[in-house]
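One chain comes next, on its own, written as structure tokens: the form predicted on its own.
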């Protein structure tokens, strides 16, 4: 049965082709100094940068730019952002980009006025925020992370080879997010499908936990089926608006905290994937794809009923005359076939992992206890070897 929980999501979303027209309305709620955060410059090539700057000027804002946010934002980049935000007394951080920009902007928002080293305080000691928080708004150009409607923020420390996420409270959620599916059209296929799997993995990390009859599981099965259907269309035609809009909406609901309610949740695919990312700087969604099947086959015997349900309800496997183990394995085979169909990376060697890294990656993997099996370090190494 569902446990006790509270639920609040304060983020206001504007969704659709004309969503950017609502930015003026939101900017009016904040002071003059805006920190514009973006990545490698693709928003300039597409013309989105000019549109954003034009709106900011219309609203009589003073703009401070912070470009160059990388796909796996580093602690050094965090310190740079804190300095810019603090020195210019920023009133709003406006993130224009994908999940990494959103994650990074939230990290800056809680860290700029932190009296301690934010890496130590938030990412090592996992403490709550007790200082001034700068509001964040997002204009999304890539889907996958769900960062536009949650308090999550992942930062990489390249020196210590750690990639750690902190899930902050609802006071750190973006105040508003603008979601126009057409802004995702120019994304290269590799990044697009990596985002698709990030969405899929977010749902599975919550789905593969618990043994009760949970409303959340029914919602998640619907989200997974929608994503599978739309991903097949989008891979063939990246400018199919219906498919891309459904995927964008699914990504938000996959990780805006709703379906996690009443669930213990797992997150070990992410823990292993993030450790790989810290060593290789590989694309996040691809690290998840490469380790998922070995991990799920490892834990399947401990959560067999849910894997059987996954096979039947998500992949339409016919259970007649089959054992539970056979049904579950057919479901995982269907997952594998779909992953290969849309073009995901299926092994960690392709991401740059070598045999001599395995011990270190295992050491950098945080062991969580919410799933069907609490792993040992040796089991993590076994899963990594299977993922090679």
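The shown structure was predicted, so the numbers you read here are calculated from the model rather than taken from an experiment. Residue numbers count along the first chain shown, from 1.
What comes next is about the form predicted in complex with a small molecule, which does not appear here.
No residue of the trio 221, 250 and 370 has any heavy atom within 4.5 Å of the small molecule in the predicted complex.
Of the stretches 257-265, 185-193, 114-122, 130-138, only 185-193 has residues with a heavy atom within 4.5 Å of the small molecule in the predicted complex. With the partner omitted from this view, the residue of 174, 73, 210, 81 that lies near the small molecule in the predicted complex is 73 [heavy atom within 4.5 Å]. Of the heavy atoms in residue 238, none are within 4.5 Å of the small molecule in the predicted complex. Using a 4.5 angstroms threshold between heavy atoms, residue 299 stays clear of the small molecule in the predicted complex. Using a 4.5 Å cutoff between non-hydrogen atoms, residue 292 does not count as a contact of the small molecule in the predicted complex. When the small molecule is considered in the predicted complex, residue 42 lines it closely, a heavy atom lying within 4.5 Å.
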